[in-house]
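Form predicted alone, single chain, as structure tokens, below.
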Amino acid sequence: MRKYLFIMKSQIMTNLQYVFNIAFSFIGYLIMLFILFNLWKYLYSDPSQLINGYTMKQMTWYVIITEILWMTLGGRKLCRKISNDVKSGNITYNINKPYNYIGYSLSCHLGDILIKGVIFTILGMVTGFVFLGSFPKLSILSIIVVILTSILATTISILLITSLGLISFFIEDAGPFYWVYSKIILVLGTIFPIEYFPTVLQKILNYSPVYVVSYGPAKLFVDFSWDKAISVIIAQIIYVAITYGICSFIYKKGVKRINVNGG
């Protein structure tokens, strides 16, 4: 565990040198929020009106949280890096290292995006308060739970994207798989909450990655309940185990294939 924490710390220290560049990238996020804020303002004739169980403020805060999770993730960069490691053969240098490649990728990328996540969260909260004039009513304990679910959501996202990048062991380009995954998460989990979709689709989404990587933390932020918190955390723990197992399975199969082919 200590070696993975050291890897994460090294990445954090590296990214501290680019704080202003990270803050500058918030402009794109701000433009997206401004567009969506005006969209919800147009759809809600009355700010207190409920649409699928959400007021205008709740809907706007939901998008603020999901966009923070999505824009700080750097999924395309991670998928491309792992895919390039596999195709270039750099991944073979990690086979005999005193750490697991999956754990290395996870800790490295968490360290890589932590500073960006903190900056985007602070600026996103300030922006939301300027737009809406208030925060959702949350206790200190519920805020801690929301932060915990956000960390678990990011961990699951990294593991899912890592598994997509590792597919490069067997195909030439994993990019199209990431493109499909990113569009599913963006449309079904980032812009709209699960309640906005037909009942049949809702049942599917409640067991899909959408529920644990975007919907769960955002839902708890705008409408916290302990029943929902327990449900989300249990689902996230299960998903962490499953996604880590999938990554390990693909990695071992890939390494075995390299050894068989004399790589």
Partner chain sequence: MLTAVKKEAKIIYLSIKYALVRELLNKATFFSNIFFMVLNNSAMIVQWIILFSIKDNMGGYNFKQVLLLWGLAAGTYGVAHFFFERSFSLSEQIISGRLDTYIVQPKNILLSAIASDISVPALGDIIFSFIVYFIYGFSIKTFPIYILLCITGGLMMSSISIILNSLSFWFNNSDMIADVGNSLVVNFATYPDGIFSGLTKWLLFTIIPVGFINYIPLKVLINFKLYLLMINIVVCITLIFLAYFIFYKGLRKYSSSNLMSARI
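All values derive from a computational prediction rather than experimental measurement. Residue numbers count along the first chain shown, from 1.
FYI, the form predicted together with its partner chain isn't displayed, but the following is about it.
Among heavy atoms of residue 180, some come within 4.5 Å of its partner chain in the predicted bound form.
Contact check for residue 27: a heavy atom falls within 4.5 Å of its partner chain in the predicted bound form. Contact between residue 204 and its partner chain in the predicted bound form is not found at the 4.5 Å heavy atom cutoff. Contact annotation: residue 226 falls outside 4.5 Å of its partner chain in the predicted bound form, judged by heavy atom distances.
You can rule out all but one of 144-152, 109-117, 185-193, 123-131: in the predicted bound form, only 185-193 has residues with a heavy atom within 4.5 Å of its partner chain. For the marked spot (235, 244 and 255), a heavy atom within 4.5 Å of its partner chain in the predicted bound form is absent from each of the three residues.
Contacts between 148-163 and its partner chain, taken as any heavy atom within 4.5 Å in the predicted bound form, involve no residue at all.
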